Every structure is written in C-alpha cells, then in structure tokens.
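As structure tokens, one chain now follows by itself in the form predicted on its own.
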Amino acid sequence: MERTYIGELGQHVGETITIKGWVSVRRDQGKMVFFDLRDMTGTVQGLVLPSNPAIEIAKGLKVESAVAITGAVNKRPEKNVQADKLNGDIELLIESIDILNLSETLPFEINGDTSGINEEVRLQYRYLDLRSERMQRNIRLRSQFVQKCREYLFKQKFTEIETPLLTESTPEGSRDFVVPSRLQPGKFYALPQSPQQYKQLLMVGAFERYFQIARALRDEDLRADRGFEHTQIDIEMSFVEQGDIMGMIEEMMIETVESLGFTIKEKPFPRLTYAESMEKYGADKFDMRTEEDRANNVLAYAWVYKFPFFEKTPEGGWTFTHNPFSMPIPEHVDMLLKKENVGDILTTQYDLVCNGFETGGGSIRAHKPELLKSVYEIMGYTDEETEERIGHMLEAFKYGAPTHGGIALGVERVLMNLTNEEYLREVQAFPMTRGGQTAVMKAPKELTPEQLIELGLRVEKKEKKA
C-alpha cells in the first residue's frame, strides 16, 4: 500500500492507509496498546485492540523503532478531541505493524528539550538528538530561511554560482585551514575563509549579480556564536552604491523573516554610524529590544556604517578592521592614495546587526589597482609581497572592472536570532564540540604512516607548555 504522510491523515478519515515513521511514545494499557507515531509531517495517536493479532508485536515494540503501520483513520470520540493539536480529532486503529528496524534503548531521552544533556554525548549521538522536536524545528526553519532568500535573489536577477573550496591562502584576518597537495609535495591549498576574491572576480567576469550559499572555514578560537565552519549567503553586485545594497538586503530580510511569521521592531532599519553606535551603545553590535520585545521574540535590525578602515597592530603598524578589499568613503579616497591621516580614513563597510549579534557584513569594494595597492602599502607590504598575495586581483582590475560591492549574511547568526538559541551548535545539523571535535565522527585524528608518506609529510608534536 502506498505511504500516506501523517500530516495528511485528516484527508483520509474512514480509509485504511499505511504510514511510515517512528514510535515516539508507547502506552501499554494492559488490554490495549496506544502509540504516538510521527514522521516529518506530524504526529498521530494509534491504538491496537486486544483482538488484533498485532497486539503481541505492539507490546514488545520499543520507542524510536522505525515502523510501517497500516490502519483505519477514525474520528476520535468528542470527549477525547485535542483541538489544539494536529490530528487531535483523529486516531489510527492499527491493523498491522511491520517493524522496519527495532531500536535499542536510547542513550538519552529525546522527547523533551535536549539542550541540558552533556554536549559530548549529544554530539556523539547527534543523529538521535536531531530527532527531538526542537532540533527538527530549528533545522527545518534554517532550510526555509535559505529557500526564501534564494527565491528572493532569483527574482532580483541574481545568478547562483559556486566558487572553489580548494584555493590559496588569503589575507582575510583569520588562520587558514590548509590541505596538503599529493601531486605537488610540500605545497598546500587553503580552505576558503570566504569567497571574497572569487566573487569580486565574478564581477570582473560581467556576471553583475552573484550569490552563493557558501561554506566558510576559519581556524578561529571557538565560542558560543562562532565555529570552525559556518554558512553564509554570499552576495555581490556590480554598478551599485552602498545604499543600493543596504536597501536590497533590508527588503530581502523583511520579506523573508516576516513570511516566516516573525515581527520586526522598526522599519526601515535604523542606520547608525560606527561613531554613533559606540557613543550610544558602547559597541558596534547592540540590542535595541525592550523586555517586552524579548518576550515576544521581536527582531531589532539596524545598520552600522562608516567604520574606521584601519586600526593599529600591537607592533605599531596598521591593519584593516574588516576587509582589505573595501573602498574608503568617497571623500577619503585621496587620503588613502596619499596614505595620509590613516587613522581617520573611513570605509564603506556596513554591518547588519540584530538583537546584539552581527548577522551580516559587507562593503563597496576597491575596483582599481592603485586603491588596493595603497591599502597593502599602508599595512607595510612591499611591492613583491603585495604581488605575491593579490597580484591576480591587481591584474584583473586593469581590464574594466566595474564598481561593485556586496555582503555576506551569516546563516547561523540569523537563525540564532530567529530561534532564540544561545549557541551556534543548536542551529547546525552536525556542529563541533567546544574542543573542536566533530559530531559523530572522530576528527581531527592522526593520518596513517602510509598517508603521511604519500603526502610527503612528517609530524613533529609540540611539547605542551607547563
């Protein structure tokens, strides 16, 4: 018999159907056995009568077993109707049970909120944790958010383009994860901290409007809202100014999150300069919500812009605050080219903040070689070092590179806002532990001697500091 989804059972009252899913709850009443059964679309109560041959199977069936169940969809007695629940007015009179895979006793309960369970145990059995109602809701909401953003961008004439995962080390401000080359021993690829250079090269390549649901990898210190891996909605546009990008992204976020049922505190989003945000909030990531807003899960979005381009290094030199590929604001272009009043130069960087998190960041980009070269000179790079790092960008910008800019929205940060979760791992399917251990699988781990020989590598272990 063809499978019927549990969420559609209300359309099949009086019919005999087959559902497939998991046993959430089993209640043995002596003569009768009741079940709560679920699939990805919902939950329904089923019962097995004592006269049914399936009663012996029902009594031995463990929760979380995968089953195929055939039965008649009946209306519940009026006194038993649960009007506030999906399928609260129907039940399944079970005729047969086919055990597809009998479950052993679970290492922890998944019927409630699993966030209080030991992190290492949760991630060791992440596939079970993902069955919990909260995790199902979070991951499905993540999918819906990405889908709606993707649909919006297609309507705005964007092209979705994938960029390489194996690339070269780039000056993005964090440590790279590196991959040894087997074919070229002693040389290494780097995993992308972002698709920054590739998306700018796509603008040179005349695609004009690009986006990608991009994976980004950074060897950073782990914290509640940051991991080694994250996903970003990566966007770049040609022939635009700062206001064009901010306006379009604002429209996308409003359309997307409101369609998901969320309330935005203020529209249009407030716009504060970096100086104003520091003066008013003491930070460039701030929370504008009241206590009532927090209780109602209101989203308080705002833009912060006109950031300082450079900041002092511990050694007394200069480094970028956000991105070396940014443009200064128009009135500071000459200061950048002349390398004067470096600490006063402001950039076209803009950050989207929400409820105390930075959820996105971007800028108008440098599109002329002399601008980008001047940034690297201010940071103390020689001509040779600059050529080695970004010579391909300087070359590309010689060939009619358009004015362009973009933004990257952090999917996990957005979802933390939408779900009120405090930890990034609660909105990722397979996150890492705080110690950098992968979920379920045992990485990082040592390579075999044969692998090391093939890659031309030798491992020298560091002595731990006392």
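The numbering used is simple: start at 1 and walk along the sequence shown. These figures come from a predicted structure and were not determined experimentally.
The same protein also exists as the form predicted together with a small molecule; that form is not shown, yet it is the one meant from here on.
### Query
Which residue, Lys373, Arg209, Arg122, Arg218, has a heavy atom that falls within 4.5 Å of the small molecule in the predicted complex?
Contact check passes for Arg218.
### Query
With the small molecule left out of view, which of Thr359, Ser238, Ser363, Asn355 would have a heavy atom within 4.5 Å of it in the predicted complex?
Contact with the small molecule in the predicted complex is made by Ser363 alone.
### Message
Within 4.5 angstroms, counting heavy atoms, which one of the listed stretches 24-32, 52-60, 429-437, 405-413 is next to the small molecule in the predicted complex?
### Response
Only one stretch qualifies here: 405-413.
### Task
Tell me whether Gln196, Lys199 and Asn323, taken together, all sit within 4.5 Å of the small molecule in the predicted complex, counting heavy atoms only.
Heavy-atom distance to the small molecule in the predicted complex: all three under 4.5 Å.
#### Entry: Gln232 within 4.5 Å of the small molecule in the predicted complex, heavy atoms
Residue-level check for Gln232: yes, a contact with the small molecule.
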